[in-house]
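So this one's two forms of a single chain, laid out as structure tokens and tagged structure 1 and structure 2.
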Structure 1
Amino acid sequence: MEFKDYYKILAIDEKANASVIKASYRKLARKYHPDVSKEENAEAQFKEVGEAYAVLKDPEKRAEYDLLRAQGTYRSGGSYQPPPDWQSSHAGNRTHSQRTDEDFSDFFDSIFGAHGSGFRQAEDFQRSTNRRGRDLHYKIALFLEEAFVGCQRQIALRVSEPDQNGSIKQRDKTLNVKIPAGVTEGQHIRLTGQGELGIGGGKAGDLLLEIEFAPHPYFTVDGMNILLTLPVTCWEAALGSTVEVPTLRGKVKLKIPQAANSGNKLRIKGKGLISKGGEISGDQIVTLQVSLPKEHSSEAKALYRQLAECESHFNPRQAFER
């Protein structure tokens, strides 16, 4: 077991008073709240911060913790064991004071409660009969192409369920999920009864899958439309041309009009995403981007000089000259 330095977790001094502890906790709770935070491991950090605060805000718990900490019963980086004769004045009453979804660490349990999490939830299990199992929420990232044609995905989940003795056990299960063609970002798919098992005859929860799109190397999704930046040469843009363009439904030929320019947008009808029922289809919107080679041959340079002479009236910086 690892010794948890609650002061370090809350980024405070060990002499910090109650208001400093509270202020730091509030700040970190906002930073790591899993519904807000973009930090990695936000959920684990949020729990850790909550645990640290639960101990340090309570003068009695804090005193016990300080005692253990001062005894030097931990070695940095090494494992931690509470002293064999350790007896917390709090041991055992955790079930009544804490909410069951507050999952504190083994370290916390070893100091403040002899009740392991299995036991704690088992008690809860007996207390509230007939409770519906919790829904599980998962995000699955699909490539655009997969979402478009549909695909099969394996999802590994960990569900908690009561065993014969009523204590809560974790079970890994794997689901093979067939995802229908045409799902869109943010869409939810409900797998009825695949969530956590109900308690005391309560119904099982559901598994809700939320579709996310993995970033695509060149397509961007904008609602039902697909955006693509298409590099073209300056002569293709000047003279007009027909070029091959990738779409979700394979390559298509796109006609570039004469005197096209960087930033011009061309619409390829019906090559975007398709709505659930299939009745509405988005478009692919192609933005031209004139692209030049890194180096020009001497022949090309000569031609450019010639071009410069015959187009000498063109001034792209006219706007600056007023």
Structure 2
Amino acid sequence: MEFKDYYKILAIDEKANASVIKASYRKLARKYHPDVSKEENAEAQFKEVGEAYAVLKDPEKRAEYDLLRAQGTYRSGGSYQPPPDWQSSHAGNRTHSQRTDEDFSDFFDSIFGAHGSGFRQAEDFQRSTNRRGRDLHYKIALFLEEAFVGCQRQIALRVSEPDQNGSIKQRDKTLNVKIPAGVTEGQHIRLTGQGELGIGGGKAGDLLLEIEFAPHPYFTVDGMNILLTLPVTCWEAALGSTVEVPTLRGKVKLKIPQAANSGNKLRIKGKGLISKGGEISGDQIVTLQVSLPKEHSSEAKALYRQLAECESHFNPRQAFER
């Protein structure tokens, strides 16, 4: 049996009020009326529109339908996926002894029975289903420093839940979340019971926080390692030097070896990310980048000429001459 999305049939939003529902029904009823319509399958479309309107115009039927529909999910692109076991959950509602005056579908009967008993069945459905609430997924972007030492963040969610009449309502929810030290990108933190409320006394779902790393001005991440490109002067690279290097734990001294080149990598042990509990510790990998001033003084140019004469035997492009 096909699940019918009455909101889609009437081309309206699930938050539409009674006047919007009525206006859309009238428009579509005129479009598909068998006596005047030239649309393909106009009679079937007309019946489907009438069935959708019969449910959504009735607050009690709409409340019951919304309870069922809220347990489905939306796929990427906006298509609706109904609950996998909705047919078995409603099989007991059907009554074959009588039919309603209107020739509605088996889907309608599976929810409301042959007499469409309305909210009484919605209450029975709530008690009988005892469904756990949906899990919510939320991506949270952290700076590397926050992930390293831990932090507390406030997040805002929009959740769906039934009100006292069984209608599905949207409400805003704000949580203060404590992020432990040592989280890594892609890691999920489960907050039990912070998802959507359950149906019919069922437990609330969970909130799953997925950790993302916000772009950093000079650090990047490779697994548990922190990567840094470090500019050095040509004289620091040629003569060797000791320079200050930023890390997540503050600045440290790094020794640049003599005759260093751009692209050389130096490792600072234990200065990468630390997993929760400290079981795994990464390193900081420093890639050297020899940098020259944009402008040189006349004295500096003279020194470069002198250097060129002293090192005239050195040809970095010798391999190209073979």
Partner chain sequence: MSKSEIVIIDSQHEHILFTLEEVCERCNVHTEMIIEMVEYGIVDPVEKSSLDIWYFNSQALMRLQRAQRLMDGLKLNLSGVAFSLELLDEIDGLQKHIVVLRNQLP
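Quick caveat, the model's predicted, so the values are computed rather than measured. Start at 1 and count along the sequence of structure 1; that gives the residue numbers used here. Definition used throughout: the rigid core is the maximal C-alpha set that superposes within 1.5 Å between two forms.
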Here are two forms of the same chain; which is the form predicted together with the partner chain? 1
Answer yes if the CA of A11 moves 2 Å or more between the two structures after aligning the rigid core, and no otherwise. yes
Backbone CA shift between the two structures, E43, after core fitting (angstrom): 32.9
